[in-house]
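One chain comes next, on its own, written out as structure tokens in the form predicted on its own.
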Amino acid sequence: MNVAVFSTKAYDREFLSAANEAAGHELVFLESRLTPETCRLADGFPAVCAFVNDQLDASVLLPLSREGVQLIALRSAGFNHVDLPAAEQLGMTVARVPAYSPHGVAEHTVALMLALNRKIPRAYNRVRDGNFSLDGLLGFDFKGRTVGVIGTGKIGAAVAKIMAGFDCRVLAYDVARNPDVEALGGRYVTTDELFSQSDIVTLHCPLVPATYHIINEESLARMKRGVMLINTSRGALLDTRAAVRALKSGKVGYLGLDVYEEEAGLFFEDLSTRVIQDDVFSRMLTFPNVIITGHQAFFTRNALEAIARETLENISAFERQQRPPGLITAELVRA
């Protein structure tokens, strides 16, 4: 099957090409993001392969459908950037890779926690400058702290397991309980209880209408003063402007982000010679208690191999007129 692969980086080409040796599809790699302006590049392709910051709303899906695209193969677990009802109405199949490397994302989440707590970036830069003072580097023991995990699928459960290994108390919130989390000693509570009791709050839920800005002015007000807040899931789970105000007031003592609600056009690009025009993002970079990474939590060799393999499995199944393993439908958004 001929596939237009959008938002291609060198690593996408490497891992997809390796996985495609067995699958035998015709992959055309395009550096451009998928937008209304670039969707004509998919003219004549029955399938497009898209990433997290590609635009897949009705303004893109309609011309793609007219150009003959029948399959949207996502190289991601998240699908909040896809207008699934529009895709369904157009008769387009959408498939994702739901669980390519939960441990990689979980480990990056905990790395952000540790780096924020022990001031690793600041300590590293000091030592390089010959400054061995410990002033301003004071941290705290994780042992005995309460960690609130919002979303306890594979990634959230892996984070809960790691934090239980640090001898933390784990509180959890999800629409469905995960027995693996309960087996660790994790206790499911309401969001009110989780927010009010947690020293660390970490987000691992999908972005759907019910979770949009789940961390907002009101929920932040219910948290402990000095709380550590981590988001490695989807940027729009967090009201960024509310978080900035909470950082300024001291309500949020630590903020670790691997995602940002306005990251499209920022992340995955080298903008080191340009002035970043996003004032909210630039403001966050000025805080000494904020660490932001550029959507790299997933970025392990294990994950890229799994993403490539599962993406091609979805494409192959569709070509054989079978149900793709990662098929998603509009019901997932309405759930």
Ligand code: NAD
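Since we're looking at a predicted model, the values are computed, not measured. Counting begins at 1, following the sequence as shown.
Form predicted in complex with this ligand: not shown, discussed below.
Colleague: Whether T240 contacts this ligand in the predicted bound form should be assessed with a 4.5 Å heavy atom distance threshold; does it?
Modeller: Flag for T240 set to no.
Colleague: Please check if Y254 has a heavy atom lying within 4.5 Å of any heavy atom of this ligand in the predicted bound form.
Modeller: No - in the predicted bound form, heavy atoms of Y254 and this ligand never come within 4.5 Å of each other.
Colleague: Even though this ligand is not shown here, does T211 get within 4.5 Å of it in the predicted bound form, heavy atoms only?
Modeller: Contact with this ligand, yes.
Colleague: Even though the partner isn't displayed, in the predicted bound form is A297 close enough to this ligand, meaning a heavy atom within 4.5 Å?
Modeller: Judged by the heavy-atom cut-off of 4.5 Å, A297 is in contact with this ligand in the predicted bound form.
Colleague: Work out which of V110, I200, A95, V259 lies within 4.5 Å of this ligand in the predicted bound form, going by heavy atoms.
Modeller: Exactly one listed residue reaches within 4.5 Å, namely V259.
Colleague: Which one of V127, V175, L138, A221 is close to this ligand in the predicted bound form, taking close to mean a heavy atom within 4.5 Å?
Modeller: None of the others qualify; the residue that does is V175.
Colleague: Since the chain is shown here on its own, which stretch among 222-230, 114-122, 85-93, 148-156 would lie within 4.5 Å of this ligand in the predicted bound form, judged by heavy atoms?
Modeller: Within 4.5 Å of the partner lies stretch 148-156.
Colleague: Within 4.5 Å of this ligand in the predicted bound form - does that hold for a heavy atom of every one of Y100, V105 and H204?
Modeller: Looking in the predicted bound form, the three residues Y100, V105 and H204 all sit within 4.5 Å of this ligand (heavy atoms).
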